[in-house]
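Shown next as structure tokens: one chain only, the form predicted alone.
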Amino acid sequence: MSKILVTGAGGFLGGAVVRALLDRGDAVVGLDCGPNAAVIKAMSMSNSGFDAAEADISDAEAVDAVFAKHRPRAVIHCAAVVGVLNSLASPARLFRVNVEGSVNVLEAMARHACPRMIHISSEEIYGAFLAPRIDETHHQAPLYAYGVSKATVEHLGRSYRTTHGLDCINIRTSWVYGPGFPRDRVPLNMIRAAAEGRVLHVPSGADERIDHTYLDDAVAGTLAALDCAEHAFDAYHIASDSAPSLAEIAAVVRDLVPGAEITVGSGPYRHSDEIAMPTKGALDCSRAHAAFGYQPKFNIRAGLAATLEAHRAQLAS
């Protein structure tokens, strides 16, 4: 049986992609390293359809060895140093992993006749949105290294399409959240605080509008792009197609958890209260809908409710 290789398989999104592939009967190879190596090893012990491959994508020889052994028919490329703050903390490491690592994967694909990559990109490639709702033709002007790295990988994919005939498809998603999200960021910090009876005041950003994408929607769109036989475009938005303000999100949380003390201050939203976020908005998902039927199932209320239920179950266990 041909296999699908998922890079970053022990991470938040990569792990969810692996589980979805296994649930539908695909054979999967999960590549990861560091602390996540133990995660994928445990996954392999509990599922006969999953092979764990411990490797760092910035190690070209290790990546090539994985392809030589498993001969995947497609790659879902989730591995990356993620987020604006991480990109500012260590830009050199970010580019080594996100860009050099992606080159290593693309080179291995070309050498071992693996024709398709689904690359998880980001709305950060756009920089400041010039409209409340944008499509994939929006001008790209990333402000921070993370967005620059994702835009670079997209362009590298186009280069490998020209030179090696690879089919490199970019999934541009936005602020994916859900149960198990590993960082202390809105809206998950609101849900956690409300469920645990803690007061939370987000210092600023009440009027900031962001397209928050529930994890299940991100996974469903990624797999739909993988399964699509032919693509007229190489980039698609997979998001919620809406952009509630942080004040509106806080109000939803208070409605879901009566008595919750969750508030947001005025002014621009800042990552970790330090780094200003550029103007954002909704990602128009009509291209993905037309190409492979993507339709987000979780608006912000449904996504927050599902996250709340999972967090309450975790607290009770």
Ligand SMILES: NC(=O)c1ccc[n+]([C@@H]2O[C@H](COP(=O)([O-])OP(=O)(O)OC[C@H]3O[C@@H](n4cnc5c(N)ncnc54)[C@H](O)[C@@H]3O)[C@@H](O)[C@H]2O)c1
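The first residue of the shown sequence is 1; numbering continues from there. These figures come from a predicted structure and were not determined experimentally.
This protein has a second form, the form predicted in complex with this ligand, left out of what is shown; the following refers to that one.
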Using heavy atoms only and a 4.5 Å cut-off, determine which of Phe129, Tyr214, Tyr160, Tyr146 is in contact with this ligand in the model of the complex. Tyr146
In the model of the complex, which of the listed residues (Val153, Cys168, Ala79, Met190) lies with a heavy atom within 4.5 Å of this ligand? Ala79
Tell me which stretch of 247-255, 286-294, 29-37, 266-274 has a heavy atom within 4.5 angstroms of this ligand in the model of the complex. 29-37
Answer yes if any heavy atom of Ala260 is within 4.5 Å of a heavy atom of this ligand in the model of the complex; otherwise answer no. no
Would you please decide whether Arg183 lies within 4.5 angstroms of this ligand in the model of the complex, comparing each non-hydrogen atom pair? yes
This ligand contact in the model of the complex: Leu13, any heavy atom under 4.5 Å: yes
Closest heavy atom of Val75 to this ligand in the model of the complex, within 4.5 Å or not? no
Full three-residue contact with this ligand in the model of the complex, heavy atom 4.5 Å, for Ala55, Ile120 and Ser174: yes
Can you tell me which residues in 95-115 come within 4.5 angstroms of this ligand in the model of the complex, by heavy atoms? Val97
